[in-house]
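The form predicted on its own is given below as one chain in structure tokens.
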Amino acid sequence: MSNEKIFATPLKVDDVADCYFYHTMELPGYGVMEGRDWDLRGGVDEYLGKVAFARQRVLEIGPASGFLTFEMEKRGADVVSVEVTAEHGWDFVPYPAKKLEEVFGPRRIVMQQLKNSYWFSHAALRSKANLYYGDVYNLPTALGEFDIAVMGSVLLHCRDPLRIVEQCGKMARSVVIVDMFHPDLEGAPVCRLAPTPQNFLWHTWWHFSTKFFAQFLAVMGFATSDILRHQQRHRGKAYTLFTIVGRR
């Protein structure tokens, strides 16, 4: 059983101006909140691997504004999300300190506004989802056991993505991994370092092949079904993503 004392007390956020919406969301009494990054409204089921969520306990890594949290909840799931604390922060790519200084200040503000958008939406939707703030690389056993673990477009931003997959695989019977599709990497279990000295991708570490995750899940004892590819909208453009579902 989970220890509910580890879950965050809901933050009261009254002003939508204090929020950064990562996803476009529709909130009762407020209408459409335009997301700065993703609009997944037309492809939620494909994004989530067409998994049935009714009566399932779900572990979600990196909820951002909570769009997927609340969509899974609408489909009958009991959701526990994991979000970084101010101390653990973002997994910054280690560019020279002088270059990163221009990012740190604005990013701290955006992260708080992002957390505000989660709690603003949580209240508007009268959600019962729980949120744990902590180190995503060291998840406590007090979170309990899960039917499904969802890692939606988050692993590319993490220094050690396989550690997160490993932990989720130990806590859940099924895992759902979503990430960007790179056709030039297909056919081999590989990942590619994304940042270069020139592109200053301080927020993104990796490009993955689908076989990279499929093989690692097989190592852990998961069988993977057909890999779904789907189109989702990011900042007004269509991108191809993949979803892998692994089951014990």
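Bear in mind that the values here come from a model prediction, so they are computed numbers and not experimental data. Residue numbers run from 1 along the displayed sequence.
Form predicted together with a small molecule: not shown, discussed below.
For the three residues 23, 40 and 62, a heavy atom within 4.5 Å of the small molecule turns up in the predicted bound form in every case.
Residue 136 is the only one of 77, 80, 175, 136 with a heavy atom lying within 4.5 Å of the small molecule in the predicted bound form. With the partner omitted here, the residue from 84, 100, 143, 162 that has a non-hydrogen atom within 4.5 angstroms of the small molecule in the predicted bound form is 84. In the predicted bound form, the small molecule sits beyond 4.5 Å of every heavy atom of residue 217. Proximity of residue 119 to the small molecule in the predicted bound form falls outside the 4.5 Å heavy atom cutoff. Taking the partner from the other structure, the small molecule in the predicted bound form has no heavy atom within 4.5 Å of any heavy atom of residue 169. Interface residue remark: residue 114 is counted as part of the site for the small molecule in the predicted bound form, having a heavy atom within 4.5 Å. The stretch from 40-48, 207-215, 188-196, 26-34 that comes within 4.5 Å of the small molecule in the predicted bound form, counting heavy atoms only, is 40-48.
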